[in-house]
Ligand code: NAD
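Quick heads-up: it's one chain on its own, the form predicted alone, in structure tokens.
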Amino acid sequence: MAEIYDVAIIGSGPGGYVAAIRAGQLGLKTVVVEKDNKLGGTCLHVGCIPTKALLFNAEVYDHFKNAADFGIECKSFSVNWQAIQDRKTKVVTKLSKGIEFLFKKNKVEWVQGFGRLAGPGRVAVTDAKNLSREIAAKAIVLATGSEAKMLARLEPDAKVILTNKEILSLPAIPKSMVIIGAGAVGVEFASIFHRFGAAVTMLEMLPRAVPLEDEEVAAELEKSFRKQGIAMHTGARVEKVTKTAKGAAVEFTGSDGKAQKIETETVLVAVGRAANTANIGIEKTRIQLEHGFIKTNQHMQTEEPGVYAIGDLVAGSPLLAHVGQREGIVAVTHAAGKPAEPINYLQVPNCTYSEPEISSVGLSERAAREKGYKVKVGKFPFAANSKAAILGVREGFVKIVSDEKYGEILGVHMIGPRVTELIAEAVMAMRLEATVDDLAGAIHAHPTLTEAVLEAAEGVHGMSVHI
């Protein structure tokens, strides 16, 4: 008879591996099934971590290019692309080995192979040699993640037509790049390759870049990108992409209805992601799908008894690593029979690591008004912040959207230096149901970037001191 586990998790990305570690901490006998020969999933190997490593390298290179502004003469420096790639790989490898260590520490087993549901309480695993085995578990967590969507009639390759995977392994910095899609992935890669010297053109079908963000944030990013020299076309519909001897030709219709054509060395397709639900055995279960994503309840349970889903698979859930991690904790805590606090998705921080950085939590100003709130807004520019002046930064702002009657913080939106770190204060304030007056009354150290949060809170009442 097969050994029975308390929890079997299919997928070792951020959601899967965090769920496994927490399950081990809760004393559950846990096994993880992972199709690759390493742990960490898309985020660690071809997503969040390598992308942010390249973004940091690009930031360092920017400091050298602008060193004279800070009184430092750098007469000779250059980009060693292979060394940059090697450093990225070293960071990823170290973190992947760290997950293996944490699995051993928490007595989590892992099996390499493709996992699929095989019936109530059973997971079938097929390894690289096409050999199969079954695992029995009282609870099963689906954490198979997502894949990049591709435009019709296009296939990614290693040199010209790229997704988030292929672009991370380019043998050299391309001279030019067209990026289709100006969401988080698109603008991050635009920031990387523009700073390394590529001529970058962005094509976004919707009326503005980063369409999930507050409209003022989107406008500020577009202004910054154009100032940097990144070509930005919004309301642009891609009609055709054709590979050529020198790369590709991208034909699109602009917002003015005119047909345009761009010759480029590389094309990055960043038009969203699709859930990895194919061939994982959900067809003969009660699991329900919504636009290809799995429907769950507040404890991440599917309609199939004993089966949970977390991360990028989940309908209505933001496709963010930290969301998958928290969903994994909710799922295995519930499976352990312990109280599991459901996620409040309005308190999930969203971060984009472009230059300038973007972060947000809660409702945008438009969304708050559409929900019927009487809104008061406080806004403070980093141009008036002393630490930003020290860092040589003039762009961006902090914007707080609040309810007029009680001062409830409905949303916080930031664009500028280190805002992906600053957003944590806003998340905590909203979680604790703090008001803008509570935020304004908290003493913030000087000089710091986070003073901009204080000033934005004061600005709700028109009382910002430094503007």
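Bear in mind that the values here come from a model prediction, so they are computed numbers and not experimental data. Start at 1 with the first residue shown and count on from there.
Separately, the form predicted in complex with nicotinamide-adenine-dinucleotide (NAD) exists; it is not shown, and the next lines address it.
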Which residue, E365, E357, E222, E188, has a heavy atom that falls within 4.5 Å of nicotinamide-adenine-dinucleotide (NAD) in the predicted bound form? E188
From L151, L391, I173, V377: within 4.5 Å of nicotinamide-adenine-dinucleotide (NAD) in the predicted bound form by heavy atoms is L151
Based on heavy atom distances of at most 4.5 Å to nicotinamide-adenine-dinucleotide (NAD) in the predicted bound form, which listed stretch, 324 to 332, 176 to 184, 155 to 163, 120 to 128, is the contact stretch? 176 to 184
Is there any non-hydrogen atom of T352 lying within 4.5 Å of nicotinamide-adenine-dinucleotide (NAD) in the predicted bound form? yes
Whether G272 contacts nicotinamide-adenine-dinucleotide (NAD) in the predicted bound form should be assessed with a 4.5 Å heavy atom distance threshold; does it? yes
According to a 4.5 angstroms non-hydrogen atom cut-off, is V307 in contact with nicotinamide-adenine-dinucleotide (NAD) in the predicted bound form? no
K52, heavy atom within 4.5 angstroms of nicotinamide-adenine-dinucleotide (NAD) in the predicted bound form: yes
Using a 4.5 Å cut-off on any heavy atom, which residues of 308 to 332 would contact nicotinamide-adenine-dinucleotide (NAD) in the predicted bound form? L319, L320
